[in-house]
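In structure tokens, the next block holds one chain alone, the form predicted on its own.
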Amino acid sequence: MLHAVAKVERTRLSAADWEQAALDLIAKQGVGAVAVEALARQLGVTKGSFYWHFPNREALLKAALERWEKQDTDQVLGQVEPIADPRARLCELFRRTGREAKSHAIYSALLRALDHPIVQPVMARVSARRLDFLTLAYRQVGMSRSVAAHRARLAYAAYVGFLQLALQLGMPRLEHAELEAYVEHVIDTLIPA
């Protein structure tokens, strides 16, 4: 009887459960690994559960990436936007971003899939929003429009480059203390005192 109850509970997956499973798979194996059958097997359900929520793989991928965009960008920026001091806001953004290992893995996988027609527009929106946020913050610390835009690009490039080194080129992973020291170095280098 208990086994039957567990089976019923597993088959009542929401669209959000499928989206999160897709994101987890993207983080581990990349966009190309997202397949209905593999996800169903991983979740312990039939493919019928998937088709209750999504007409096809592309619809799932689109929904999963929109979920990531909302969670990753909206939540992080939403947490730091209320910080009144622009320098403190930038510092907190850098610190929070540095701690998001799963988000880093998803972002890195999406960078490898920029030629995918569903991935490209999401990454374009996310990058534009992040660059706009950084540019405004740098303007608010007193930089001119052009200097703020350059500094925002440099900061964003440092983030993307760090992910490339760590996740795509297999550089040794930084231990917690080393990562914290690196983030502080980035803050000291890229945010004016």
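So that there is no doubt, residue numbering starts at 1 and follows the sequence shown. Since the model is a prediction, treat every value here as computed from it, not as a measurement.
Same protein, other form: the form predicted in complex with the DNA, not shown, and the subject of what follows.
Site residues Q140, L154 and Y156 are none of them in contact with the DNA in the predicted complex, judged by any heavy atom within 4.5 Å. Stretch-level contact check against the DNA in the predicted complex with heavy atoms at 4.5 Å: of 145 to 153, 131 to 139, 38 to 46, 62 to 70, the positive one is 38 to 46. With the partner removed from view, the residue among S127, Q29, Q164, N56 that has a non-hydrogen atom within 4.5 Å of the DNA in the predicted complex turns out to be N56. Residue contact with the DNA in the predicted complex: R173 places no heavy atom within 4.5 Å of it.
Among residues of the shown chain, H185 is not one whose heavy atoms approach the DNA to within 4.5 Å in the predicted complex.
Residue contact check for L13: one or more of its heavy atoms lie within 4.5 Å of the DNA in the predicted complex.
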